[in-house]
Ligand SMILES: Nc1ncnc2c1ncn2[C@@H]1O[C@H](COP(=O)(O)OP(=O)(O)O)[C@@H](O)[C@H]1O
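The chain below stands alone, shown as structure tokens; this is the form predicted alone.
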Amino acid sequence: MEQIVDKDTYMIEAHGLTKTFKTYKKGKGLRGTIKTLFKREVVEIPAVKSVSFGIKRGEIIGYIGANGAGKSTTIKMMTGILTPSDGYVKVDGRIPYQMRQENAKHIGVVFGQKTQLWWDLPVGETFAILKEIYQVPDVFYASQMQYFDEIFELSEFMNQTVRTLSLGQRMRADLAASMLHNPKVLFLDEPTIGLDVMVKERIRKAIKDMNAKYGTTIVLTTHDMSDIEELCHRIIIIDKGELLYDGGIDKIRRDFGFERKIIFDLRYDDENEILEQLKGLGSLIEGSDANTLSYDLANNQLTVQFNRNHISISSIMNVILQRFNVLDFSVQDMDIEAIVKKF
């Protein structure tokens, strides 16, 4: 999916970005192992295949795919950790892997399963070291630390060593550390993995605030689809190293996420009687047939699944509310993860 990008508009430009890892094929058995010692067969494993995209300044992008799709490899090329096998990527006009130190000054990175903090130092000392590394002015540093304390409540564990922090505390400290020097680009690789609901909300709020306050460009990879839905207006889907989709969430919902559910909590005494009434449900709802509407009754809950492109919520509600004793109801859209699988 080739795009023409403008260096004055785009913070990140990727053209034909490719990464192939080389490994050696191991022979089977003792004979194969001995043979390998003298003649090794090179095996190339493609991780990212000619991916192109442009990310505008100030955008929050969801970069998603299954495990092994190539997400983290792409992030590592954008941060300068890995060098592409072919193609190139630019971040704020720089080639990351050619200008690693300069690029590092202007980006922030959070890898959910790895920490950038010093394991045996108190959190406060870690931030003091990062201040010197990034040459953060005293006044701005004090302002940032006050802001992070308000968002992440850092003061409750600033004197603890990093190794004693809970996962939630460490992630809050890691995110604050990545934002300390006010980077132009923030790469977040699974930033909410394993966290409880309250900590996730804090992290999402901090991401939104930083984007609104400083216009930070943010690239987010995650398996938590609620992160994507709450933070991003655009998603890039990668699978087996290839770019599958680049566009808005609304469009992919419309084209692939047309299934919707209404779950009704019903009050009834005779389930057989309700099932009998449900047999004529399809004929009463405009636009419904076997392909556009289905239902299931279990544990006093009626779940109606329908195609939102053909049937309106109101047409279903009118019929159900007239025919059944409804205590409560909820409407559920198809989540992004299910859409990606379908895509």
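Small disclaimer: the values here were computed from a predicted structure and weren't measured. The numbering used is simple: start at 1 and walk along the sequence shown.
Just so you know, the form predicted in complex with this ligand exists too; it's not on screen, but the next bit is about it.
- Partner contact region in the model of the complex: 62-70, out of 312-320, 62-70, 280-288, 295-303, criterion any non-hydrogen atom within 4.5 Å of this ligand.
- Only one of the listed residues (330, 23, 9, 325) places a non-hydrogen atom within 4.5 angstroms of this ligand in the model of the complex, and that residue is 23.
- The shortest heavy atom separation between residue 47 and this ligand in the model of the complex is within 4.5 Å.
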